[in-house]
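A single chain, nothing else alongside it, follows as structure tokens in the form predicted on its own.
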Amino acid sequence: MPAINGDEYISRIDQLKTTVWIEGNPVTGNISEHPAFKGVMNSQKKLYDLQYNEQLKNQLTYQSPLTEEPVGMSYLQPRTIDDLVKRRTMIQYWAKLNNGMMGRSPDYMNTVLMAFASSVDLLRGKPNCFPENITRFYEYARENDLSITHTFIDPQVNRAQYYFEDSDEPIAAKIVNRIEEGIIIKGAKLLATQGGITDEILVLSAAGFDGKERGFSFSIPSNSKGLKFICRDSFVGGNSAFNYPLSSRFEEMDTIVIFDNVLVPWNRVFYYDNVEISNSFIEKSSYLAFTLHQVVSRRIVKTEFVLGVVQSIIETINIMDYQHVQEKVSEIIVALETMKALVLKSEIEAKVDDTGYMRPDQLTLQIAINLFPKIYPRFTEIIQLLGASGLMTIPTENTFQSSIKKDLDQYLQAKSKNAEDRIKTFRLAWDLTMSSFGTRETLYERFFFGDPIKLSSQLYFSYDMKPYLKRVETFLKTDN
């Protein structure tokens, strides 16, 4: 089966009848028609449809090495720098369709699985590790164009540095039994974005100090028996693209994942009962290099969109002559061009790893992900500072269709736009920065790859400063 189209995606997810709870009630009927999921699933549908655009199919798909059918480019295991460029081009085509707002569009998890499959040699010969299962599932996902979510965070019960769970009933998901058919998982995991609207869920769990039953990885269908997704409050403000231009289309639900004695068949287990592997596979594999390449590529598109929103505000109300405005916009320009330069550098300095795959320079991408959590909240602040009261005087679509429209046309007009177009611009800026959707976006980008402080520490310890230290020492030993 080749790359799917949007209708196939919608039909497949609806047929799963995955157990999803929202606002205390199970979702019944087609999940694609539920108000909390309709917009984002329709946006995802458009991504899949783009694979059948005659002008783009060579950029978005490639020939399967197994069937010679077209499959999604985000599954491509890169052998050359040109392959990395192909991957980035595809990622950014998709990202432009949602302006980088969908952090868990299918290409993200396709990239994760591709990275796993490219690193299976780390598992060969290791106890309770099944590299052949990863390879087999990667090929199955690629040939069927599966959509996947993932989860790897434990519930926030106690954030003390050396907390050990000792409750009789598991809180964090763990292996509670090993039987002939597979392993049994009980407990919870956070934070599955798009949980309930994908074909599969991939689970990663590091054992840490808690024992081998905490360390495992596998993928199972989203409708597996005993598996349920509990949603947070929906941030879809409404169906109107005028009132909620972003949340009505791109609101990716975040879910708590409950495993109620879920059976994971042996052929779906990647590793288990191996503390060393569960604690080190992510770090030693190509996971970070490839996923960071995807994330930074998407964030470039998102930053371009932010810049466009800011300039639209500026031109709408004619504030471009103020130097403080120019200075704020320049911050975004510098951030955008820095991100572009970093992703290009990561490709130029890519190297073939021990398994023969072209891996982008991970250190360069680590710098990019240290930068973005700091600058994205600043983008939000800049929009708020420039928009000011305009971000609060934003009547709804119904108001413009009422008898009071004449007053709005007179008193809410702008230098370069009529009242209705002005409000569309400001409602977009509001939805990006001040709505529940917008504030979630800011939090999401702050912690996309974890605690920013930990990311800084990882960069500090991975950056080779010996040459610079030696240069200083040499200088101090020089007399003249």
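Sequential numbering from 1, following the sequence displayed. It should be emphasised that the depicted structure is a prediction, and the values quoted were computed from it without experimental measurement.
One more form of this protein exists, namely the form predicted in complex with a further copy of the same chain; it is left out here, but the text below deals with it.
**Student:** So in the predicted complex, does residue 17 come within 4.5 Å of a further copy of the same chain, heavy atom to heavy atom?
**Tutor:** Residue 17: no contact with a further copy of the same chain in the predicted complex.
**Student:** If we define contact as a non-hydrogen atom of the residue within 4.5 angstroms of the partner, is residue 48 a contact of a further copy of the same chain in the predicted complex?
**Tutor:** No, no contact at 4.5 Å.
**Student:** Indicate whether residue 428 is a 4.5 Å heavy atom neighbour of a further copy of the same chain in the predicted complex.
**Tutor:** Result yes; residue 428 sits at the interface with a further copy of the same chain in the predicted complex.
**Student:** With the partner left out of view, is residue 62 within 4.5 angstroms of a further copy of the same chain in the predicted complex by any non-hydrogen atom?
**Tutor:** Because no heavy atom of residue 62 falls inside 4.5 Å of a further copy of the same chain in the predicted complex, the answer is no.
**Student:** Please determine, with the chain shown alone, which of 200 to 208, 78 to 86, 119 to 127, 239 to 247 has non-hydrogen atoms within 4.5 Å of a further copy of the same chain in the predicted complex.
**Tutor:** Selected range: 239 to 247.
**Student:** Just to be sure I understand the contacts: of 136, 96, 225, 178, which is the one whose heavy atoms reach within 4.5 angstroms of a further copy of the same chain in the predicted complex?
**Tutor:** By the 4.5 Å criterion, the partner-contacting residue is 96.
**Student:** Among 280, 399, 267, 355, which has at least one heavy atom within 4.5 Å of a further copy of the same chain in the predicted complex?
**Tutor:** Contact residue from the list: 399.
**Student:** Suppose contact means any heavy atom within 4.5 Å; which members of 186 to 222 contact a further copy of the same chain in the predicted complex?
**Tutor:** Sequence-ordered list: 186, 187, 188, 190, 191.
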